[in-house]
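Okay, here we've got a single chain as structure tokens, the form predicted on its own, with questions on binding and movement later.
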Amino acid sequence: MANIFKLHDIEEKQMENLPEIIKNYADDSKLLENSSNNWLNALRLTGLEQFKSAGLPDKSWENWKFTNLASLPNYDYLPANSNVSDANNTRLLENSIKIELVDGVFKSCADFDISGLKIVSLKSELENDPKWIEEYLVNIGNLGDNPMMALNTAYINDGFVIKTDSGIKVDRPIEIIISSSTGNANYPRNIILLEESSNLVIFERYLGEGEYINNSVTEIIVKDNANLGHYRIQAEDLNAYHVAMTSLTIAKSAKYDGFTLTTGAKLSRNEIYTKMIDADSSCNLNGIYMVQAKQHADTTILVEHFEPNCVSKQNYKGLIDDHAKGVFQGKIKVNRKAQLTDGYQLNNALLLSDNAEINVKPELEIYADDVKCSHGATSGALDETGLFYLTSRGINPTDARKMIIKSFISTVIEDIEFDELKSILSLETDKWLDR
């Protein structure tokens, strides 16, 4: 079938924003592969058309003014297929249910016998039970505002699907290992659905080797009175590109506790859009980003309150060394009906070298009268007074520096509600400090 993404289909002004990897690999035979679902075919083509129309975001886009995708490598990447090699990465959590994705393809899931818990590949669910999942794939908002999500939509093929029945309390954590290999463009599309009054913990790890692009989209729905703990470590290769979009919907009296540790990728962007759609819900979005060399790490968050008496908290801390750059854009939007909202946002960053850079854009947009909202950001060098105090008492400068940094980030780790993860995160941060 002919290539439907030829250069003459793209306006001249958009062509400047489309590197060779995008210009060359989109064709309708790949888009429509293995699908007899008309709605899925239409969705894929819509994603491609929206991406072609928008082009790659650049600094003229308000939400992308600090992150420039022009650095994407200029050679062809082809979406991975089901023939990618298997992997057998070691799990970090005891007694976890391990899932593995390799180059965006669902490869394995450990055996488990838990009634009311479904873990399957997106590809198999699209083939065997597509009706229920259609709602969560097509309800994607304006793709023209998010071209990387549009590109992911164009190549929807596989990912993981996790679904609980109502009232299920899963006592084993689910550990998802997402690994990538050089020369690929990966587009995992994932769905996490917790039905009413269910309880679940998910731990994701992003790994890889070489230069590749990982462009993932995850739809999370936490229904009434459900509770989801969702924790991520992004430790991809320092030559990789990582773009992750999470759409999170939290219903009445539901709770979401989230944390992301970012240490990997040459360029990464972790974007989270949270909709608190009913009363009495709560959401924690916390994280640590630790970057070095010429890494670029972007965290962009929008939390939108629609109904009364909801609580949202964002607490991020950054360590930026060498010539690395950090970006934090956090916004809390309180709609008129969302009285008694409690919204909190804070980003603190330590610049560990004279060449390190941080760009911060905290925002509040409030239309309700009775709310308690705050936002703040600080950045600066390591506390020389504290360093002098410790070294004057016989602690060598290297250990003193680590002690101050560990103290700086420890408060975010301590707030995590999943205790088993705290020691893992402590080891990961130690590894970065000892690099």
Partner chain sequence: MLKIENLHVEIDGKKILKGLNLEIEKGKVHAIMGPNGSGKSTLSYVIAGHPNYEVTEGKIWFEGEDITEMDPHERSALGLFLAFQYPVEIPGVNTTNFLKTAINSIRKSKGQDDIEPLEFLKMQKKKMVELGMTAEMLKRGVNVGFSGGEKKRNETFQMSMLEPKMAILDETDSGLDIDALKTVANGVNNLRSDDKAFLVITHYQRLLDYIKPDVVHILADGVIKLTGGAELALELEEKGYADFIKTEAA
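Remember, it's a predicted structure, so these values are computed and weren't measured experimentally. Residue numbers count along the first chain shown, from 1.
What comes next is about the form predicted together with the partner chain, which is not displayed.
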task: From the candidate stretches 370 to 378, 37 to 45, 56 to 64, 385 to 393, select the single one in contact with the partner chain in the predicted complex, where contact means a heavy atom within 4.5 Å.
output: 385 to 393
- prompt: Do Asp419 and the partner chain come within 4.5 Å of each other in the predicted complex, heavy atoms counted?
  reply: no
field: the partner chain contact at Ile366 in the predicted complex, heavy atom, 4.5 Å
entry: no
message: Can you work out whether Ser410 and the partner chain are in contact in the predicted complex, taking contact to mean some heavy atom pair no more than 4.5 Å apart?
response: yes
